[in-house]
Ligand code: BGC
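Before any questions on how it binds or moves, here is one chain, the form predicted alone, in structure tokens.
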Amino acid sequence: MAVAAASGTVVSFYAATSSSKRPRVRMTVRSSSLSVTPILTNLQNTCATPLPTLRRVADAITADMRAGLAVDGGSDLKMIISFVDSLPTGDEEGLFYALDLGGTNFRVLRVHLGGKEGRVIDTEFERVTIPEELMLGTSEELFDFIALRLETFVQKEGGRFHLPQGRNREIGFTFSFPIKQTSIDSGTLITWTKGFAVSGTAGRDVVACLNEAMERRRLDMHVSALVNDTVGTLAGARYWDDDVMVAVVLGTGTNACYVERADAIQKLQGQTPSSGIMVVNTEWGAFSNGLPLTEFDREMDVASLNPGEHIFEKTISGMYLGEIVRRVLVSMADCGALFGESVPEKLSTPFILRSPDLCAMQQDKSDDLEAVGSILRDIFGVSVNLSARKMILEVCDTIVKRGGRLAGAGIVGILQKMEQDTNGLLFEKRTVVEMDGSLYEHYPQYRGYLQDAVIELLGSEISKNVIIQHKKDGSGIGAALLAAVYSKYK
């Protein structure tokens, strides 16, 4: 397997999480110093991902993919039809915009495309913070604000970007909230997430909401493609490389999409596109079959906002790795006096320990693990001896190793489904998996464990043809490229 180096800057991958909704652990004075080693040993055994376990997970994902393609609700994997049945080729020309709405900030981008010769001639983008009151306001207020900022951004086009006479501006809309997509340029909101509670939008077409807001501002722009971030990542990578077949996002959350043969999607019910392909959004975070889970995973799931759901995401994605480690440390402190005679009060705060903290600790190669001690002191307000620092690093590595290797098994599950459907032809040629998300980009240990699992599952020879790569800003440009692909002026 060839691996391209990660590059670029990605916004922090952890959302703020309220501790008020989760039970707190009281500070307790310890009267004995029981060993924490049995807790660690049990954790390592339960989290182990030997090759047979990885194989079972990959096979289960393949089976769930088939069931989800056959009928809606056929498996944990929703296998959502993206309506993207054409991908960028490099022939795209002109000025196109992208809007990425997926959290408390949104991003607007414009790109000047020059066809095969010029490719991406120029790009510009801006990030905009959404006022908190708009996250809890009305649909019209939110989309009017977005349209206003789009208008301001358009006014800064300048001489480097030129819109041909007689054309309206076209925009690709990346909308990373649960929707039921009904066409390439329409989709109804199922529910808001990520702290949004905007009234008047549920059940409405989010593209219509944006188009209407732009019309109210007399902005000569309309949405020509509605996508999620994973599909945008695939499109952005495919523009440069025809061998890109899969895209995976590993950040706060996780998802994957891939290029499927349209005739393999039974739930299309004969509505096969002329291109013969369809990008399918797996929503693989909902996968749950055969995962090696611990008592700490189960406790975290019960305390979550969506108990019993998105188990794969809770095992492999950036939002949850630190919280699993924290829960292990609570047990070690409570039963084995990991931090001495008392349990640090801050240790009882859910999500206080984040994946970037785990990553920073794992980069400490010093003999005394000084950086580890400093990080723990900053977070929990206590000094920790060298023995405890080493123990905590072991816990971090155990959880991160499991997450990375299971993510690798997920990738192989998708690839082997595609391989089986091509009668063994896929692995005979170069196949690219495009990665996005700051967990994958910024956590070298996680990235290494993922890559190791892919090699173990595929074998050294086949894995040479599987390229796992990460490029900067794939999803943003991808949405603009899909706006070009589905332009009404083509």
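Each form is matched to the other, and the largest set of C-alpha atoms that superpose within 1.5 Å is called the rigid core. Predicted model, so just to flag it, every value in this text is computed and none were measured. Quick note: we count residues from 1 along the sequence shown, nothing fancier.
Although not depicted, the form predicted in complex with beta-D-glucopyranose (BGC) is the subject of the following passage.
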{"query": "Heavy atom within 4.5 Å of beta-D-glucopyranose (BGC) in the predicted complex - the one residue of 224, 255, 181, 75 that qualifies", "finding": "255"}
{"query": "The single option of 288, 176, 82, 211 touching beta-D-glucopyranose (BGC) in the predicted complex, heavy atom within 4.5 Å", "finding": "176"}
{"query": "is_contact(residue 107, beta-D-glucopyranose (BGC)) in the predicted complex, heavy atom dist at most 4.5 Å", "finding": "no"}
{"query": "Any non-hydrogen atom of residue 230 within 4.5 angstroms of beta-D-glucopyranose (BGC) in the predicted complex", "finding": "yes"}
{"query": "Exercise: residue 119 in contact with beta-D-glucopyranose (BGC) in the predicted complex, heavy atom 4.5 Å", "finding": "no"}
{"query": "Partner proximity in the predicted complex: residue 194 to beta-D-glucopyranose (BGC), non-hydrogen atom cutoff 4.5 Å", "finding": "yes"}
{"query": "Contact segment among 358-366, 245-253, 291-299, 162-170, judged by heavy atoms lying within 4.5 Å of beta-D-glucopyranose (BGC) in the predicted complex", "finding": "245-253"}
{"query": "Stretch 256-289 - residues with a heavy atom within 4.5 Å of beta-D-glucopyranose (BGC) in the predicted complex", "finding": "283"}
{"query": "Displaced residue check between the shown form and the other one: residue 190, CA, 2 Å or over, core reference", "finding": "yes"}
{"query": "Rigid-core frame, C-alpha of residue 74, shift of 2 angstroms or more between the shown form and the other one", "finding": "no"}
{"query": "Core-aligned C-alpha movement of residue 105 between the shown form and the other one, 2 Å or more", "finding": "yes"}
